[in-house]
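First comes one chain, alone, set out as structure tokens in the form predicted on its own.
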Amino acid sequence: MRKQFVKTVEDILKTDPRLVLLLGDISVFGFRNAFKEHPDRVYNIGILEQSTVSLAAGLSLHDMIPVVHTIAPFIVERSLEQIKDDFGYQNIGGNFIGIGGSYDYAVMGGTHHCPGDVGILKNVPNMEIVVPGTPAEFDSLFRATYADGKPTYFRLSERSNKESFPVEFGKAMIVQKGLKATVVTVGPMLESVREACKGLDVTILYYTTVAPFDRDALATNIAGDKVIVCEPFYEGSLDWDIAKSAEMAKKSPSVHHIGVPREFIHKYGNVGDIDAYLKLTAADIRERIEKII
């Protein structure tokens, strides 16, 4: 997805003179051509994330469209106050592109883990949160929203689903219809969930936007009396929206979570190693869903 991010932003830089790219010492080599072609709109600010977000807010107030990019924990956890006050409170437009959410960079240890980013940012009113499942989905979602005048967080991942869908900002997709339960899943977790649910009589709803959350889609597609939420971030991050969706449907389903547990990960390795450690492989997910339904 990071390669697609570079392609998409480089393309828009050529056509939209309002776009300004601010890097936090990440993806600098990837944007080497953009630095040459647009030296007045592409900057590497360095490891100064809070200042970079405030700088972006100033640009936004002068009718520019800032794109801020670095690794997820540095843009979300380190810069939360600036995102909240400078962008959320003033409700101004800007784009925050995080890479490596949850534990994509597990080999670097806890400083580079960030499974709490979605839950944190869902507490910032006016914030939009996009979690694409493939590079193509990122491209279409970014082009649709980058200039919408809202603060928007794009959660990119080092892994992607095999198949892209014609996703739409703010809308969920029905991937599969079934009767015993509804499985809600997000972004790059769809691949494992589809494999886990092969042959199971469940509905699968696929979300690439989690703020705003498409409550109508869930409210009208609660199958049986169970909702199983498969989240590629801290489990329970979507609970408020799940509860509101059930309220809209006037139903009281039991809600089950299959996501990153709320504990520090004291294990190193690649993403697959951590998936296995946390029991988030497709086989693990299937076993857990079968027990629930």
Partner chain sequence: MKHLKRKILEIATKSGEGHISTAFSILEILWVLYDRVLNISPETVSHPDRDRFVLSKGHASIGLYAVLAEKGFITEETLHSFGRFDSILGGHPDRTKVPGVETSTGSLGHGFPMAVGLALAMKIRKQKGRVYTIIGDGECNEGTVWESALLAPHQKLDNLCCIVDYNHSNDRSLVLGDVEAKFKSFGWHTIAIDGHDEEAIYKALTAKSERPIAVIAATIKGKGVKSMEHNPEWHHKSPKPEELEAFLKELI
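Numbering follows the first chain given and starts at 1. Computed from a predicted structure; not experimentally measured.
One more form of this protein, predicted together with the partner chain, exists but is not displayed; see below.
*Asks:* On the criterion of a non-hydrogen atom at 4.5 angstroms or closer, are Y43, M64 and E81 all touching the partner chain in the model of the complex?
*Replies:* Checked in the model of the complex: all three residues contact the partner chain.
*Asks:* Just one of L200, I92, V175, A144 has a heavy atom within 4.5 Å of the partner chain in the model of the complex. Which one?
*Replies:* Flagged contact: I92.
*Asks:* Scan V255, M248, L55, A34 and let me know which has any heavy atom within 4.5 Å of the partner chain in the model of the complex.
*Replies:* Selected option: L55.
*Asks:* Indicate whether the partner chain has at least one heavy atom within 4.5 Å of a heavy atom of D139 in the model of the complex.
*Replies:* So D139 does not count as contacting the partner chain.
*Asks:* Given that the partner is absent here, does D85 sit within 4.5 Å of the partner chain in the model of the complex, heavy atoms only?
*Replies:* Close contact exists here: in the model of the complex, D85 approaches the partner chain to within 4.5 Å, heavy atoms only.
*Asks:* Can any non-hydrogen atom of L48 be found within 4.5 angstroms of the partner chain in the model of the complex?
*Replies:* L48 belongs to the contact set for the partner chain.
*Asks:* Given that the partner chain is not shown alongside this chain, does L59 nevertheless sit within 4.5 Å of it in the model of the complex, heavy atom to heavy atom?
*Replies:* Yes.
*Asks:* Can you check 18 to 26, 281 to 289, 5 to 13, 265 to 273 and let me know which stretch has heavy atoms within 4.5 Å of the partner chain in the model of the complex?
*Replies:* Heavy-atom contact with the partner occurs in 18 to 26.
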